[in-house]
Ligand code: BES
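Have a look below at one chain only, the form predicted alone, in structure tokens format.
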Amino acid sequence: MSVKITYSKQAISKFSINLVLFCNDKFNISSLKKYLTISEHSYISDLLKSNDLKKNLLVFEVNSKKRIIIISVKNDLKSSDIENLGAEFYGKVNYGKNSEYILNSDSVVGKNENFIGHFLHGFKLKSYEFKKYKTKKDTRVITLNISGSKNKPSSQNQLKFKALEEGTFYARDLVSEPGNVLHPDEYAKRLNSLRKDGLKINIYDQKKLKKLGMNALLGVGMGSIRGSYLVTMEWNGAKNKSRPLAFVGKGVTFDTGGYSLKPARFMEDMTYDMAGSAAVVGLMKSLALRKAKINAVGVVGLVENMVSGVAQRPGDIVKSYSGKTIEVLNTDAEGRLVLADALSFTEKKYKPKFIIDLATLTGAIIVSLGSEYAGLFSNDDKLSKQIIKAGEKVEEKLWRMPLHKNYDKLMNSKNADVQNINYVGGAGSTTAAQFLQRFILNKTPWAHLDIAGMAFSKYGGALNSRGATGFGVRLLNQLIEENYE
């Protein structure tokens, strides 16, 4: 199924095949008379008397060839509510053969800023499906012709929404790819292709990483026949040379757990252990496509955590890029090793205004928050509030979790500077974040987003079907728009 959206200034015909109209939350359709025939208006008015008006969206089959969809709109809806309405509308039209609808923008009611833009954005986000490997292709097309002269999104807003959709879809595509296709070598190759969007790409391969001393990251990938990489993506959209905003992502393309082997049940889902990096990539693509007026850098560590005769062992000690030594007590606590080197490198090289990292880091965060909130850990109250507020606007919600020096003793090692797990038990997500904080060396404002419960959905959500969600792309874009652009 694909979606095609066109814009027309022409008024709609009363005899158009399928119509989409808007009314107030009382389903008062008197204002819609000019768009309906007398018989249609009478027919729908009679049905409304006996219909469940608690619904937002009602479908009327006026004859075998014509459907009229009427959507009730409350005053002063949040943008996320409008997007959810668009996604609900997609659910009503996503069936059967090719379908074409005329959506009348002049019928929009209420004081909802950029209503049509957000409505179509939700519609498009919900329409995403990953069916690349299905041999039987779905060739159906849903066509929406946006008719009327009012309430249409400006060219600038159309560009912004399109950039967000492309960035989110790119992130979802990356997460959805199987591990035999999107291994670190292929991932680095795909990121290199983003130069065409205007991003400056630097790829650090194993030879360069070894020279830099990134032994924590390299240790994770030792057991794989694939290479390990650190990739930086720079966007310089500000006229001045201001310090960039930095985003760091965990890119473990497949995670067996290494010698601390995961159970076989659900191990196939470990292709999404690179969702943090995908969010960073999707964000950087969006910023480039919409020509964001900021300087930003995305940094991703790409590795594959496999078992082999040369894989990292429990008990190994590695020296990180920061100079700190790490005792690897559990090879399945690998994401924090990748991020440790990536965080220190990002802080030292770019001296950013802040660093936000994203990672499917712990199962413990799912125990704590389920699939409703991502965990937020931070050393900076201002940055935390900005992220939480941005998340509320786009419905990518976060809950701030504690960091405290008393947790440090749980990560102190007898044999090295730090160990990579808390052997005592408990506070699994917090101690993981506490570990990462040790690799922020110069007190840069930093936030860690543990998105393990949000990156992949078994059942689908308001704006996504089952599978990869692209969580983080729209959240971080909102953060930038509201506070730094």
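Keep in mind that what you see is a predicted model, and the values were worked out from it rather than measured. Numbers for residues come from their place in the sequence shown, where the first is 1.
One more form of this protein should be noted, the form predicted together with the ligand, which is absent from this view; the next part is about it.
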>> Although the partner isn't part of this model, could you tell me whether Asp255 comes within 4.5 Å of the ligand in the model of the complex, counting any heavy atom of the residue?
In response: yes
> Taking 4.5 angstroms as the cut-off for heavy atoms, does Ile366 touch the ligand in the model of the complex?
Replying inline: yes
> Is Leu361 one of the residues lying within 4.5 Å of the ligand in the model of the complex, judged by heavy atom distances?
Replying inline: yes
>> So, Met270 and the ligand: in the model of the complex, are they within 4.5 Å at any heavy atom pair?
In response: yes
> Out of Leu174, Ala333, Ile71, Ile102, which one falls within 4.5 Å of the ligand in the model of the complex, going by heavy atoms?
Replying inline: Ala333
> What is the one choice in Lys262, Arg400, Arg243, Lys319 with a heavy atom within 4.5 Å of the ligand in the model of the complex?
Replying inline: Lys262
>> Partner absent here, but in the model of the complex, which of 156-164, 324-332, 187-195, 105-113 has residues with a heavy atom within 4.5 Å of the ligand?
In response: 324-332
>> Is the ligand in the model of the complex close enough to Lys250, Ile421 and Ala452 that every residue in that trio has a heavy atom within 4.5 angstroms of it?
In response: yes
>> Within 4.5 Å of the ligand in the model of the complex, counting any non-hydrogen atom, which residues from 202-232 show up?
In response: none
